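First structure 1, then structure 2: two forms of the same chain, each alone, as structure tokens.
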Structure 1
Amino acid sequence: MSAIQANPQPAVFEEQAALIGADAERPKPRRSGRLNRSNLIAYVMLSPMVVLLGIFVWYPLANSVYLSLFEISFYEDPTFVGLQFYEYVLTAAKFWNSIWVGITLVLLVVPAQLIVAFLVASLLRVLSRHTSGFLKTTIYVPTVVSFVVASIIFVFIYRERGGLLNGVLGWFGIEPIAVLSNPDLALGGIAVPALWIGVGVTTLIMLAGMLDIPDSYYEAADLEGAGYFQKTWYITLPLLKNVWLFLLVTLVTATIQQFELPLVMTQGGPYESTTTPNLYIFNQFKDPTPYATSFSLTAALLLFVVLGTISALIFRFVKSDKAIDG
């Protein structure tokens, strides 16, 4: 004790202590109070959305998971079977075939749709107002056509005898092709109307993203002597990153769940080559065998897991970011 008293603190420490003491005595702004009030307002504003999500999303999902653990029959009481139906679905070759068909349809539709939409949006951006408005209306028209109507239209186009496609091929001396009856061509035949219907909305969303890019960026690039491809590569594509992410997630999840087109055009055939996951689940649900409801419910939950995994991977590799400062 005497040794400590014999070594007084240096003067600089005493000055720091005095400053700390002065800071402690200085009245602090009421920042924590404002933060708490801001947080409370945020919670109040979010509460309706949280309640709606709980009622329409989380409760049905939790209840579906619970029911998937039972054998459900319209004529008998439910029987607890645990994970038995998950084993049935995961070992069903047709379920995995439907997942592969859905992924193949995504590969056929989504890249082509993004490329076509980008090129059309780039053209619309530089056209005059009246010409751009006419073309935007024209390209959006297929969007208002229902999938069922589009399916019927393209069934007639693909007809082996009297169809528009084979009529055009006949001008070049090519033999008629039965598109929807060929297992190698049927899914491609379904991808065309899917692309035709979806490209309008995709183009308008991409055009909106392009119009948000300040013209000063392109003007500065012009002063540096940049060409079209350089401006596209270094300005347009990076600043559309968030638009790409949104379109990629929505298009992938919507395309893999395509239902109306294969149902009307091919009924899932030939040889299950166009049976998408939702069509497979629908066919299982209406199957007359007992407990088809439990099987289709479990398959739907596993499809939810597949879609969630794909979406998570897209978010993982294409991270959203603030594109423009200010």
Structure 2
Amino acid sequence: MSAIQANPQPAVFEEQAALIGADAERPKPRRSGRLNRSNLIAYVMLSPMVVLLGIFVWYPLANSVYLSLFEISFYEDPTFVGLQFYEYVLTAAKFWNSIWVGITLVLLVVPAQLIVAFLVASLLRVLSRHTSGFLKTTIYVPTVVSFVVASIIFVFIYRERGGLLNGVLGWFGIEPIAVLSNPDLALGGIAVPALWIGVGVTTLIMLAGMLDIPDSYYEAADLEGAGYFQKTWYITLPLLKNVWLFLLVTLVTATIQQFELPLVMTQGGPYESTTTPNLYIFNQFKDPTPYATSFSLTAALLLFVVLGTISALIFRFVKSDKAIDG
């Protein structure tokens, strides 16, 4: 017997009716065979992802937490040490220094990236289709360049001798600067390629958000005599709030975890001024001692907590709204 014969009234209709309150007097719809069947299909369709998540995320995570209670050796039995490595990581000045380096990189890259992307997206929105298409392609090109390739390009740009940057500075009579050997400049030197690579996709996401804002809002504002800045302040920026939130969370977590750029460009130096958290953990892991293995594992778990906290704080302070553009 088919499900439709058993329950001739479509479940979707019942749900819609319940939503608009048209049948408040009627008994609540029974869980029908069709619903059960739908649920089953949903579970089956979800199961591959759940299984894969279980294998590749939840089990390794749970096992990592368990292993972090031991000093691990690949040649001897692990030694139970309880929460000792959590204490070691939390009291390691270099761990917190790396978090600070990550946050500084975020402060250098993310606001600049959002502002540049917003300005370029605003420009793209008003340009002709042909020009806009050309510009979109141009600004997206760095996104397809790998971080490693970008690192090498920028290392050559920054070269003290023969580098493009110092060549240009030389025209103005400025002495060559060894950007990547200067602890005050090296992180800024890394921020530039990070910005260069990321601005393309950020711009396109921002543009997609802008194009989603109904023209009627701007037309109404025009009728009221609003200028460009008023329209931007009262219409564009508020209606892009969810896009801002998405970009903020993804950019902050991606930037604080930046790894390839400092690895290739500075190896984390000069004296750890560019050692981001992931590079710090990676360098710890490379050391062959059991201590280093357990330390890097625990530091990785604690970085997970730090990133989760930062993301939660962003969600807390920049609350998302449901779409209000209808």
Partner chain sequence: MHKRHTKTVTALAAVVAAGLALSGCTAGGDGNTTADGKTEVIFWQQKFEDYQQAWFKEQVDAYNASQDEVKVTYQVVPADTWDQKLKAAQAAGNAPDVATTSYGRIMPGVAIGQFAPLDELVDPDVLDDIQPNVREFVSTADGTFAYPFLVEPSTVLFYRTDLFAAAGLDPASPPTSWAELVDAARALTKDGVYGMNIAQTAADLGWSSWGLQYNAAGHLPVADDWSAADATDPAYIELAEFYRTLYGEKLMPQEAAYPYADCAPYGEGQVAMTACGSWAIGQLTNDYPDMIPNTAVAAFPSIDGDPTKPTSTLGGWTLTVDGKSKVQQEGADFIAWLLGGETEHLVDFFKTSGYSKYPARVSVSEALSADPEASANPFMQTVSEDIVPFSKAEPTYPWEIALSFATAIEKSMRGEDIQASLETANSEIDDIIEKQKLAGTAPEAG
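Just so we're on the same page, rigid core means the largest C-alpha set that superposes within 1.5 Å between forms. All residue numbers here refer to structure 1's sequence, counted from 1. As the structure is a computational prediction, the values presented were derived from the model and not from experiment.
### Task
Would you check which of the pair is the form predicted together with its partner chain?
Structure 2.
#### Entry: Core-aligned C-alpha movement of residue 269 between the two structures, 2 Å or more
No, the C-alpha position differs by under 2 Å between the two structures.
### Query
If we fit on the core, is the Cα of residue 295 displaced 2 Å or more between the two structures?
False for residue 295: its C-alpha shift is below 2 Å.
### Message
Could you check, with the core superposed, whether the Cα atom of residue 65 shifts 2 Å or more between the two structures?
### Response
The answer is no, as the C-alpha of residue 65 shifts between the two structures by less than 2 Å after core alignment.
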